[in-house]
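The chain below stands alone and is given in structure tokens; this is the form predicted alone.
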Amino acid sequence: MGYKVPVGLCNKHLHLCQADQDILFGKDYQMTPMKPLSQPGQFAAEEKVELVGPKGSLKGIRVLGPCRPETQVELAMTDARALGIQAPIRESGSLEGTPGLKIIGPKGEVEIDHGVIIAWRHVHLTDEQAKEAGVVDRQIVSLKFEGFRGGTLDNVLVRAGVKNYLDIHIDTDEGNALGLSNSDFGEIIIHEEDK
């Protein structure tokens, strides 16, 4: 059996820079942590916003903290289509050349000219976990899932290091296609040429 990693389904969400957070929620506003996330130091906040695109809007979109250097909106392809946005599949933080949208908060609104992505599916591992799995940071692997709708996802990015911890991040479109929930596990499959 290969190395097993728990599934973390990622619903649509956003990360805010401090300047945008100040406009949306008020100067020096501090997010209210609702629950910690699997990755060290990160949390889902109580706060939510509305996203507005050329074709429609999505309300009740959760903010994740803490603040980042740049505002980033992560959607599933279904969400992007509902907004009328051609969002590219990108690694988190790779925002150059991406589309923007309007974000509406309780105290104001922000129009970002870039920062909307469909997150590249990835697996988080500590350095020790990556060693146990036989993979290295930035390696491309596949993930195999069991179950009635089980299958294999290719082109999965490994993110290993001290800021990472055992978790598979796939969006709701991918999870629903495979019938997955957060209680499921995926198995890392290493391609023969990478062994």
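Note that the structure is predicted; figures quoted are calculated from it, not measured. When you see a residue number, it is the position in the sequence shown, counting from 1.
The form predicted together with a further copy of the same chain exists for this protein as well; it is not shown, and the discussion that follows is about that form.
S.K.: Just one of 65 to 73, 124 to 132, 153 to 161, 31 to 39 has residues with a heavy atom within 4.5 Å of a further copy of the same chain in the model of the complex, so point it out.
M.R.: Among the candidates, contact is made by 153 to 161.
S.K.: Give a yes or no for residue 149: in the model of the complex, does one of its heavy atoms lie within 4.5 Å of a heavy atom belonging to a further copy of the same chain?
M.R.: Output for residue 149 is yes: heavy atoms within 4.5 Å of a further copy of the same chain.
S.K.: Should residue 22 be classed as touching a further copy of the same chain in the model of the complex when contacts are defined as heavy atoms within 4.5 Å?
M.R.: Residue-level check for residue 22: no, no contact with a further copy of the same chain.
S.K.: Classify residue 187 as contacting or not contacting a further copy of the same chain in the model of the complex by the rule of any non-hydrogen atom within 4.5 angstroms, answering yes or no.
M.R.: Taking the distances in the model of the complex, the answer for residue 187 is no, it never comes within 4.5 Å of a further copy of the same chain.
S.K.: Contact between residue 17 and a further copy of the same chain in the model of the complex at 4.5 Å, heavy atoms?
M.R.: Taking the distances in the model of the complex, the answer for residue 17 is no, it never comes within 4.5 Å of a further copy of the same chain.
S.K.: Name the residue from 118, 112, 85, 104 that puts a heavy atom within 4.5 Å of a further copy of the same chain in the model of the complex.
M.R.: Contact with a further copy of the same chain in the model of the complex is made by 118 alone.
S.K.: Along 5 to 33, which positions have a non-hydrogen atom within 4.5 Å of a further copy of the same chain in the model of the complex?
M.R.: If the 4.5 Å heavy-atom criterion is applied to a further copy of the same chain in the model of the complex, 5 to 33 yields nothing.
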